[in-house]
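One chain is shown next in structure tokens, namely the form predicted alone.
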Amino acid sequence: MERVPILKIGDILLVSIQLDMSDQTAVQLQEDLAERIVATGCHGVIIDITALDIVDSFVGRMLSTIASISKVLDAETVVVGMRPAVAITLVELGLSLNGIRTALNVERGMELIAAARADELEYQLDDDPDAETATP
């Protein structure tokens, strides 16, 4: 069985789907990715689907499931490289990909994750009564 490679780049895991996703490959990817998020403590997952020419309802559900698993494990998911035909197909299938942010390329996806992480850290500081506050 083929496996989808998962690369660690800083605080982000990059998944580049370069093959047709069978059911078994998708389930293995979900398990591998969940293990890598926990093992590395990464707070971002980028799924690059540039190589996918077509997406069916199975792949759409798989992306949603991966995003949900990642969110539970404290990692934001961004899907990058979506072709116009893939976007049209997802909309026609009624798959809104809830919980998944999208970006045109990996660089923009990394920026989205960095911004989301900065917002989350700022929110945590605002809620922490023990956080140091500067006084003039």
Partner chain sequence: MTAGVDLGQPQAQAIRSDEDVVRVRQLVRSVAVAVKLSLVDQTKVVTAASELARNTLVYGGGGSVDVTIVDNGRRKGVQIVFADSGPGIPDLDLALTDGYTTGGGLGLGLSGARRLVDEFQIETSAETGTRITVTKWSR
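Positions refer to the first chain, counted from 1. Worth saying up front: this structure is predicted, and the values here are computed from it rather than measured.
Absent from the display: the form predicted in complex with its partner chain. The rest refers to it.
Although the partner is absent from this view, Gly94 contacts its partner chain in the predicted complex, with a non-hydrogen atom inside 4.5 angstroms.
Contact check for Thr89: a heavy atom falls within 4.5 Å of its partner chain in the predicted complex.
Contact annotation: Ser22 falls within 4.5 Å of its partner chain in the predicted complex, judged by heavy atom distances. The shortest heavy atom separation between Asp56 and its partner chain in the predicted complex is within 4.5 Å.
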